[in-house]
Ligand SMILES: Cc1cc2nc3c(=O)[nH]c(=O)nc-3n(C[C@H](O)[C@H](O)[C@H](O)COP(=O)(O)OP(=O)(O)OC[C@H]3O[C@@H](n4cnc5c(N)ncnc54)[C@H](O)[C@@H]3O)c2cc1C
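This document starts with one chain, in the form predicted on its own, laid out as structure tokens.
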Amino acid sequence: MAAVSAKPRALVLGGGVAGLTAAFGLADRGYQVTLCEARQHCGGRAFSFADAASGQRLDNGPHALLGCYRAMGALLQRLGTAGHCQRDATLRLAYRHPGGRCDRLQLGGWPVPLAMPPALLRLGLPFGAKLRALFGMATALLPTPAHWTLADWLQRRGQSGLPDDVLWRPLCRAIMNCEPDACAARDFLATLREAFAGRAAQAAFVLPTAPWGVLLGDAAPAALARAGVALRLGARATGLLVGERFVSAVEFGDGTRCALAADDLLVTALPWFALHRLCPALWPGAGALRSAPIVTAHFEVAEGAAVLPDQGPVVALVGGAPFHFVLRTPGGEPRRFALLSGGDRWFDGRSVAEIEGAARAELGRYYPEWAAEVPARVRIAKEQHATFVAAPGSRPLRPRPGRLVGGPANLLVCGDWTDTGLPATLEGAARSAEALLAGLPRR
């Protein structure tokens, strides 16, 4: 009788979206998988923390999904938490102007290319600005030079002024987590085409109704166990032993070491900065990528005090600085909301008191009927390395998911920062793992 061969082994470093997707996919392909996560929970940079003062679980940075995020949707299905999301039928977005005026962009149920023109024409903008915005949408399908920033694209497409302020800049901050002059037009437009070139539901928000710690971190251990994946929490990789042809061992911060054979796989789903710290020689370009922060001011208004007007779960503050959005949890407590800043460097070196003061002052500008001195508990959350900046020229710094060119034969990389054709989104992270898995045989 022939001996039954043991399953090939795979070690995955990083329990964020890319690492979870990779671990599930490797198990499905017949590998014996161990997932190692440095923290005491999975989820990567999409996690929640306990606020001792309020007793609430708050997200380190709110994340909104789009209907076109199929890979992220598949991961939530695998984790059993897709039901914790509100999936809208079409795009609905409110715009709040200084002084309190509010506009709404609401698409009908037609395919987006048909629904967008009448939706833009209903916005409270001068007619000329509406026509320019329509022209910009139409030209978003055209090829774009790799060296253009989004600011270059906006200027060349006649989008400066109100089309930029109302339409493009909020979208840029939401998708790219930086300003138009910092990001590559090509990366931004790639996501825009996926969302706005098809069905109405593809452009719609998919918004979590529970903290990200519930959607990812809490659900991961049981889901991984069902898939046969071993999970090691608190396992921070501190070194790789790299031979001539393959990685022979991974060293961890607790002094343990995991030996690897030539036919074992090592998958790193670490962020770019963590991979660079772990082994700078593997992919030197990772050290040159810039990062952008997400800063959130979580408000909980005191009982009996006036609540902020509710104009939907996502409100863009037109011309807002340093905060850009007001976010609410669908179906959540009316007294709770969050102010979100995407990529603004004003916060660098600022104290918590300064940030809270800026948040209250900005609310006073956009919601004058809601006094900035209303009693409220405010908790500031900073994620300094929330995303990388997908700047022009950054593509060569980002390896394709899979084996590194000239790297060890058994080492594969994935993550939102790899070259997936998308910017730093949860969807980009999940798709990077899918691309890695597509090159592997089923065992």
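Small disclaimer: the values here were computed from a predicted structure and weren't measured. The first residue of the sequence shown is number 1, and the count goes up from there.
We do not show the form predicted together with this ligand, though everything after this point is about it.
For the residues Arg39, Arg395, Arg70, Arg403, the 4.5 Å heavy atom test against this ligand in the predicted bound form is passed only by Arg39. Only one of Ala386, Ile380, Ala391, Leu411 comes within 4.5 Å of this ligand in the predicted bound form through a heavy atom, and that residue is Ala386.
Taking non-hydrogen atoms only, Ala23 never approaches this ligand to within 4.5 angstroms in the predicted bound form.
Contact annotation for Leu171: none of its heavy atoms lies within 4.5 Å of this ligand in the predicted bound form. With a 4.5 Å cutoff on heavy atoms, Pro313 does not count as touching this ligand in the predicted bound form; it lies far away. With a 4.5 Å cutoff on heavy atoms, Arg236 counts as touching this ligand in the predicted bound form.
Stretch 263 to 271 is the contacting one of 111 to 119, 85 to 93, 351 to 359, 263 to 271, since its residues have non-hydrogen atoms within 4.5 Å of this ligand in the predicted bound form.
For the partner-free chain shown, Gly415, Asp416 of 397 to 417 come within 4.5 angstroms of this ligand in the predicted bound form, judged by any non-hydrogen atom.
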